[in-house]
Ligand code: MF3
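Listed next as structure tokens is one chain, alone, in the form predicted alone.
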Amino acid sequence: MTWDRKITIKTERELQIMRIAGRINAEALAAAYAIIRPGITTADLNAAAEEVQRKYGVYSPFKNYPGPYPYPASTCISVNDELVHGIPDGRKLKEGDIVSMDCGTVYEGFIGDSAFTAQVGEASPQAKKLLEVTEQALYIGISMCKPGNRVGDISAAIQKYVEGNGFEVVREYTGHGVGRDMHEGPQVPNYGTPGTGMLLRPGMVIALEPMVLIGSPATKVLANQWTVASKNGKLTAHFEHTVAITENGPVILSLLEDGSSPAQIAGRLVK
């Protein structure tokens, strides 16, 4: 993917607005997370998120996002070997599936962006480990979002943890800055070298998103021209938070009002 690499430093007021955008986005994801079970369709999950957004009078920047054709939904919902950009439709989730859901919300011109992966019913031990490692990699990356660190410090920490647990990180798709535009600078890969890359400064906001695969980092784009899947057909996982870099360290902007994640509020966190 390519996008504008400009860096925008947010004011305290803008960070407050982004916190509201992130909270609404988290509420939309939590509404979807709460209904995940066998027999639910990915379109049902998208509808649950959209209902929350309508309640607040906001919208998703995903819908009509330019690409091979305008993206047709408010969320990206990817199942099993699908890594990102899955298009919600009428397919039903099955016992043992894992489903990733990515959602964005625009509030007063600023964007909240976050994602989770969940098991459907009871997943395999390997799937559970994949989810646990991917989610923990997100928080390890967040812990590196401090002024004076560099992008490579975040990337290397994620890569070391994921690969140390026997999984792979994607190469073609990355985290990114976020603000008034969904894709701003800096680009934040899930692999890298400590001490390299852009210097992190207070006021920067990053959508950090480990994307993890089993066996190989290779991916392919499916026939719908949007959905990215593992090339070897094995399971994948994706977690994301919007994170502000502040003088006092990282602040997660995409939590619910009580400080929990969508998975926690639904009572279905894997770990």
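Residues carry their position along the shown sequence, with the first being 1. In this text, all values refer to a predicted model and were calculated from it rather than measured experimentally.
Heads up, the form predicted together with the ligand isn't pictured, but that's what we're talking about next.
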Partner-proximal stretch of 28-36, 213-221, 227-235, 64-72 relative to the ligand in the model of the complex, 4.5 angstroms, heavy atom: 64-72
Within 4.5 Å of the ligand in the model of the complex, heavy atoms considered, which of C76, L83, L130, I158? C76
Considering only heavy atoms, tell me if M182 and the ligand come within 4.5 Å of each other in the model of the complex. yes
Decide whether E50 counts as a contact residue for the ligand in the model of the complex under a heavy atom distance cut-off of 4.5 Å. no
Quick one: is D102 in contact with the ligand in the model of the complex, heavy atoms, 4.5 Å cut-off? yes
Heavy atom within 4.5 Å of the ligand in the model of the complex: which residues of 132-158 qualify? none
